[in-house]
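Next up is one chain by itself, shown in structure tokens, the form predicted alone.
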């Protein structure tokens, strides 16, 4: 019997759970078409970065006339936005898989304007990349989290397409912020985002970028939080991102409670062919363990569905080493 790999994520019927995440891989129509041919079920377009647009606009100072400089800065901003809008429109014409737009903003006002334009261009869903780096000691954790929730509420209210939020791990209570995101109308949460992290070159005495690729070992934290969050029954979908490098990781993520996975690093390392390899491994697992429909495996081993849910809790780390002293 042919295995059914289709899953539902954000109300989108995906032919399988493997989504290519926002990156240079999804920055051009040619690359997106190649990913669709390789078996990807959807793509998250390379993020529209408000910071980058603002930086480019602010750098414009061509003449001594402020009005002219303002005009050129606004032109640059609109040009970058329209390039992104055009990529969505072109991809929708050329591809059958869903297109998830992605925006990464730092101010509340721009999220809404960008979101509306991306919806108008034909995006099937919208992924918000929110990361408010606390560089000031005065705002409390609650204040910062309320800013996240205000952004989500504003964007959800402004568009009719499903919205998902790609989070980092830096929250005091990830379950609370996830529930808050769901309460404000978002349809999904992606765990977790990978942000730029600095490193120090001690010979050149300067800041450099750390490795941008994920490693398979990073999956462990993702599994824990997907398993805990998906057990809360808050009515949203979860996607696992970071550490998804093979078919086994896909299966683990779904068993933990994810409806889909987002991959990137493994494609950079192994090429587009890794998608079919992952799907073949998933099908082999389904055959071995009697799952004709992959969707039936979602959440089977999440926090509420296992006999000993304490195994997802941090105390087990200490108990493990006590037992193996």
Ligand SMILES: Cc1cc2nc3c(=O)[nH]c(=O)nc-3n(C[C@H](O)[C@H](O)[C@H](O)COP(=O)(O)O)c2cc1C
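These numbers were taken from a predicted model, which means no experiment stands behind them. Positions refer to the first chain, counted from 1.
Heads up, the form predicted together with the named molecule isn't pictured, but that's what we're talking about next.
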task: Work out which of 187, 252, 194, 117 lies within 4.5 Å of the named molecule in the predicted complex, going by heavy atoms.
output: 194
query: Can you check whether residue 212 is within 4.5 Å of the named molecule in the predicted complex, heavy atom basis?
result: yes
task: Consider residue 21 of the chain shown here, and say whether it contacts the named molecule in the predicted complex, taking contact as heavy atoms within 4.5 Å.
output: yes
field: Distance check, residue 275 to the named molecule in the predicted complex, heavy atom within 4.5 Å
entry: no
- request: Tell me, yes or no, whether residue 264 is in contact with the named molecule in the predicted complex, where a contact means a heavy atom of each within 4.5 Å.
  value: yes
statement: Note: the named molecule not shown here; in the predicted complex, the stretch from 241-249, 143-151, 199-207, 171-179 having heavy atoms within 4.5 Å of it is 241-249
